[in-house]
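Considered here are two forms of the same protein chain, supplied as structure tokens in two stand-alone entries, structure 1 and structure 2.
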Structure 1
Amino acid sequence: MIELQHVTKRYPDGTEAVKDLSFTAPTGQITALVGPSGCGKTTTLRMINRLIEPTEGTILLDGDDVTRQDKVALRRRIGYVIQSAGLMPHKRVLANITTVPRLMGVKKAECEARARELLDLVGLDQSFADRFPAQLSGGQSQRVGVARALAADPPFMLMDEPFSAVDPIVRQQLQQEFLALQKRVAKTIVLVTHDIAEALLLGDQIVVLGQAAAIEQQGTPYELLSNPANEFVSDFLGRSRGYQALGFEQAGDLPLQPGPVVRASDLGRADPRRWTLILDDGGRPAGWQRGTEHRAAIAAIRFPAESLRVCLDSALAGPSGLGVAVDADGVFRGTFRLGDVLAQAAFDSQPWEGPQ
């Protein structure tokens, strides 16, 4: 685990970027630091690996005081991922990934074999090994940055806005891939982000920081959403916190209806007065039809659903107020009503008083 005990960073002019900060990042979990710009998030991250020296307080990695360790040895225990990936432009991808293991004296062949394994792990084809950073997209660069941080198999990782430099679609993909990766490697991670939605998605624990890194609230995503400690936290979470909280509510047993559906080969039987779900020959949802109107987009979700929020999204995305449920193979199982989702959200969940 990573422990910060009464940590302060004070500059010569008297400015306190971080003041008396204490929190613990549990082993094998992601702790997300969020807060407004200039609140000390990145300063805190850099003090953990001593890119910035703390003025007061203690920082422990599995009980070891970072200030009593050699800086180089300390940083080899910590993977570090930054916003722009920070790849060395004159070195190919494989050489970038193997940098730290090679500095640690690991044989070249062993380093390169490990690097190729990591390319697979972060979702990059082996053909990327010989490319230079300038030949990579933003998302590909970030994947290489994560691979490099994992190359020496460090127990700790620090991530400073790792996905903010890519477009929203790639960012969502990287976030999901990173969660899947973390399930496999179970590193102790401190993540800095300005995006509360990203913190809620990735963080096992969230620490909301105010001025000079004062902790406004610390807890699980559900604890913050269901019971914000003060107006600052509530404002930071935003007006959509009730909707976001549905992502942590179990969907339960929503009643499924058999239709209205029609096979694509039998569209003539569709009622022209109402929206009807079209199924392809394999029984998979293919679109909505009402008379001559057609909508191809289907927000189908796999049942049993992971949360009420995905059910709500599915029901709102369709033109008829019906969500679409499919099985693991994408085959239609039934529809469910928006009203049933809202009823379960209103009555199965307690008002915002925190977990019982």
Structure 2
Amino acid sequence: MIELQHVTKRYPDGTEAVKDLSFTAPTGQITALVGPSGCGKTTTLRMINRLIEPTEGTILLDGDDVTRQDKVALRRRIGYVIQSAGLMPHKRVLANITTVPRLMGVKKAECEARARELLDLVGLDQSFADRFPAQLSGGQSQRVGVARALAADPPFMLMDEPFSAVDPIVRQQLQQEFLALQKRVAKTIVLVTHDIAEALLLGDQIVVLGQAAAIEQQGTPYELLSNPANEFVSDFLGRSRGYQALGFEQAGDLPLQPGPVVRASDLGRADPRRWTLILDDGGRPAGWQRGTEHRAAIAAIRFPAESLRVCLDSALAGPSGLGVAVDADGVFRGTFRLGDVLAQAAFDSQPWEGPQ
């Protein structure tokens, strides 16, 4: 867990880049910091690994104040991934990846074996091991950057616009792979982006920042989309190309899931802790149920849907971020996740600087 408590950063020239910022990045989850250019995202991130010292406030890593720890030791517990990777140009890929574990005294053979595993993990062929960074494409460099950050198996990761230097197709691929990777490694991650679509796609939690890193809203992608706190947030969401693109894309290949669903007659079998869709005798959706709570509104859409936009509306209307798909007769076909709608949308999105 990473906690920021009333953190302020004033640069020597008087610029107040971050003002009284507090938030918590929960263990094993991705917290996405999103906001317009110059709002203090990078400053916030660099205060966590002490590349920048806060003027006021406290930052805790699993409860320990970072300012009480040795900087170098602290940074080795925190993987750091930056835009355009920041690889060491004079070291081959394998040496780049093994840098930190080698410094920590792990044997060379052991480091290299682990580095080769990491190459697999980030989807790079072993033949890249002996290349220099100048011989890699942007996307390949970024993969090596992620592998390097994971090499010492740190519990925390800080990522500053990790995928912004690559073209949209490669970016979408990297984002998807990164999500799959995070499922396996479950690091506590703070990720900075000014691309709202990326934040919606990758963040378990999103912190929307305004001027001087003032929190405009904090919540899950579902909470943000279904209930934007103010005009700044809805503007940020709405004017994003990613969100607009939702209207254009055909929804044909959105993956459907069979549940969670239960016949009205079998209501007793439903998991009382989880929102479950109830079907009437004709197999048509009749409402959502969780324990004794009931929601009649369903906003089921006919599948294949005419646009991602209606899929998004359906997912947002449901109480748990699940959309409902029916056939032409209104019979239940399956549910789909908000995340999958966003993933589809992110493919078409361009990073956008946000309201200025």
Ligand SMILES: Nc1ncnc2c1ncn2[C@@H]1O[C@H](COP(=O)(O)OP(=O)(O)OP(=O)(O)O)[C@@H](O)[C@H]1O
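Predicted model only: the values in this text are computed from it and were never measured. Just so we're on the same page, rigid core means the largest C-alpha set that superposes within 1.5 Å between forms. By convention here, residues take numbers in order along the sequence of structure 1, the first being 1.
- The form predicted alone corresponds to structure 1; structure 2 is the other form.
- Core-aligned CA deviation for D167 between the two structures: less than 2 Å.
- Annotation for C39: C-alpha shift under 2 angstroms between the two structures, rigid core superposed.
- Shown in the overlay between the two structures, fitted on the rigid core, is a CA shift at L61 smaller than 2 Å.
- At L308, the distance the Cα travels between the two structures is 7.0 Å after the core is superposed.
- Relative to the superposed rigid core, V326 shifts its CA by 15.1 Å between the two structures.
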